[in-house]
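The chain below stands alone and is given in structure tokens; this is the form predicted on its own.
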Amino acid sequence: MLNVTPLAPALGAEIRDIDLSAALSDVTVDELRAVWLEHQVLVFRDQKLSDAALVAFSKRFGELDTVPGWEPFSAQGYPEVLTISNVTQEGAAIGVLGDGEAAWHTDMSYIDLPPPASLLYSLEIPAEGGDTCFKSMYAALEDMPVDLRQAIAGKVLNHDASHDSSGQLRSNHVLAKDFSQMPGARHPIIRAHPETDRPALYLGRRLNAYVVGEDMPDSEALLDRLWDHCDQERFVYRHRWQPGDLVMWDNRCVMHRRDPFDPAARRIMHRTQIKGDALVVAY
């Protein structure tokens, strides 16, 4: 029986008294998956994971994927492990996303088959800052005003592929002023989770998003209403990192963001993600 402690009303649970570097039984993994689907974000404290152990545990939840364009920042010998860090060595960054704020987003929503799960393991953590916040898009939809839910019913969103989660223009893209022409994948704003069948909002990120078929002013106004509604602390779990934390979240119903931190402080994280394997359909 797993030792499960809920962390916030809308989402999040800590799993205690478990060693993820050990060989877990299929029964235990099935239990973890069930708790993860219920709570959307799982936290495991005090882990001691090599990259091999991180990969082995992550693979229990599906085939692993890489992030296109960020392959040079993979952990040595493990292309599935991405380094998230502000640290430089000999003037070169060892990882991605630096030390600035990362806006609310869903990992890789700009592709047709985004990763269903992401896992982030902390190696070095600054004394202050760098918290990661997670938001339940189940809860945001369930508590939405009726008129706003009616306004987004059946609508599709284009998810911009030109910028990363820190708001930086990707090197292989050019800046466009017309959001309706931005490259990216198109997903229903309300989608059915493929495993739980619960409806959830799927917004990706605000930057350059566009409601397909709407005039630009109408698209902007509708998205502003949506994001204003979602900007409520009751939908959020804030994670204050400690070395040895592993956090796993459900990318299909959770958004996340990161606080900035002192550029002089060191932060090193290793991340894996599960490869997308199924289209998620409109609810």
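Here the structure is a predicted model, which means the values were calculated and not measured. Counting begins at 1, following the sequence as shown.
Keep in mind that the form predicted together with ligand SIN is not shown, yet the notes after this line are about it.
In the predicted complex, at least one heavy atom of residue 84 sits within 4.5 Å of ligand SIN. Ligand SIN in the predicted complex is approached by residue 107, whose closest heavy atom lies within 4.5 angstroms of it. Interface residue remark: residue 267 is counted as part of the site for ligand SIN in the predicted complex, having a heavy atom within 4.5 Å. Shown alone here, residue 258 lies within 4.5 Å of ligand SIN in the predicted complex, counting heavy atoms only.
Shown alone, this chain has one stretch from 206-214, 185-193, 97-105, 150-158 that lies within 4.5 Å of ligand SIN in the predicted complex by heavy atoms: 97-105. Screening 241, 44, 61, 36 for any heavy atom within 4.5 Å of ligand SIN in the predicted complex leaves a single hit, 241. This chain is displayed alone, yet in the predicted complex one of 74, 162, 132, 122 has a heavy atom within 4.5 Å of ligand SIN; that residue is 132.
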